[in-house]
Ligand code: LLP
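A single chain comes next, written as structure tokens; it is the form predicted on its own.
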Amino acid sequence: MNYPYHYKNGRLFCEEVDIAEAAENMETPFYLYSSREIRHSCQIIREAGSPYHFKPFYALKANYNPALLKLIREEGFGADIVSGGELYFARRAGFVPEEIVFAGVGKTEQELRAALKEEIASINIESEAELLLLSRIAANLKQKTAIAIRINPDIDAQTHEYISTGLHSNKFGVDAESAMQLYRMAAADPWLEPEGIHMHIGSQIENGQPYVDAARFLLNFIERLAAEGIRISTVDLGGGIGINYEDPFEKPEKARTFTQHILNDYLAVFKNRSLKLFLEVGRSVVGSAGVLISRVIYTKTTPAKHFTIVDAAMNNLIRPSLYRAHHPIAAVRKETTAPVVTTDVVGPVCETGDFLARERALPALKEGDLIAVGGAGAYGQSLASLYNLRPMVAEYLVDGSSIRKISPALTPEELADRFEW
């Protein structure tokens, strides 16, 4: 399938929608998503898992817009949640309880009660304290619940330190010996059913070897459990598969994810095993489907730098500021004769760390030009803030030649109405 973002006669399109033409009636900045790309990403994941007893779960933390949730649910995915708010959104979007898994290191008593009452598929336990709390709640409600223990394999996922989750220095999960003790406790508990095991080693992982190492670690641990009479039927493999943040506008083939290659190697470790395999994916479903559209306000040259000042900022897309992440940037109208300049693309927020790109070689942009920031479908709007009282921006979904608003912008007046004055 062709990548949905492409140029026709120097104008950037999303599927069959001319972005510049559509933007004439929209306030910038805004997020734009391709339904075709989301469906394509879902298909890749389903096909990779088809030889196995396999169920993919979409991680709501990547992007929780209800329109996208419904689309992904229709593609046969369950929901991976990490909060009570995400549980509410998942249920309201139509995900059934038996296709929801709950991870996270700091689940509150209220959140655990809600998950138990919904009778979701699994609660992934990350500490002894959480196990004891869940046991008390389950006994109080007189309700048995399936659990998995999140084991931390101390495997380096070779990703950014802020999104590494599988090392002993990370806050997530428990080490193998602690996990063994928790399984013994759960097996002796009349209200807990320790039928699963969970692992998640990081995010934006581009190399399949850490996954293979983690899978082998899991199988060895499952055999240790079996030797003690504890039978594991479900393996939650986590997620974190990266996407390619190279320029998809000029080289569309680069926009495709690493998903298929990594999954083929990861899942193959479990070949001929009678285990249900869960997979939690977020970025690899929606990341390449989204762009942030922004308008140039000013350009500015100092003795040290050239700046392109746009109306999107770190409060809209924090990944460059937070992780120094690279996002491709392209002009929505391509001027083939424009000189190339090295520029910092920055926003209006009063922080030196407010940038979308630094030292980026781009065709010279001028006031009023539109840019598209690629790879923005995941951890864009979901990580947005109201810093500098810059309200959340609108979101739009493209399907073929149609475009519809799936989330309105929040106005300052609407924000003000939340407060006591």
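Keep in mind that this is a model prediction, so the values were computed, not measured. Start at 1 and count along the sequence shown; that's the residue number.
The form predicted in complex with this ligand is left out here; the points below concern that form.
Segment assignment from 347-355, 218-226, 129-137, 193-201: heavy atom within 4.5 Å of this ligand in the model of the complex: Result of the contact check: 193-201.
Touches this ligand in the model of the complex: residue 61 (any heavy atom, 4.5 Å): Although this ligand is absent here, residue 61 would touch it in the model of the complex, with heavy atoms inside 4.5 Å.
Residue 323 within 4.5 Å of this ligand in the model of the complex, heavy atoms: Yes, residue 323 sits close enough to this ligand in the model of the complex that at least one of its heavy atoms falls within 4.5 Å.
Interface membership of residue 103, this ligand in the model of the complex, 4.5 Å heavy atom rule: Residue 103: yes, in contact with this ligand in the model of the complex.
Distance check, residue 239 to this ligand in the model of the complex, heavy atom within 4.5 Å: The answer is yes: residue 239 has a heavy atom within 4.5 Å of this ligand.
Single option in 153, 282, 78, 210 placed near this ligand in the model of the complex, where near means a heavy atom within 4.5 Å: After the contact test, the surviving option is 282.
Selected contact from 26, 392, 362, 383, since only one has a non-hydrogen atom within 4.5 angstroms of this ligand in the model of the complex: Residue within 4.5 Å of the partner: 383.
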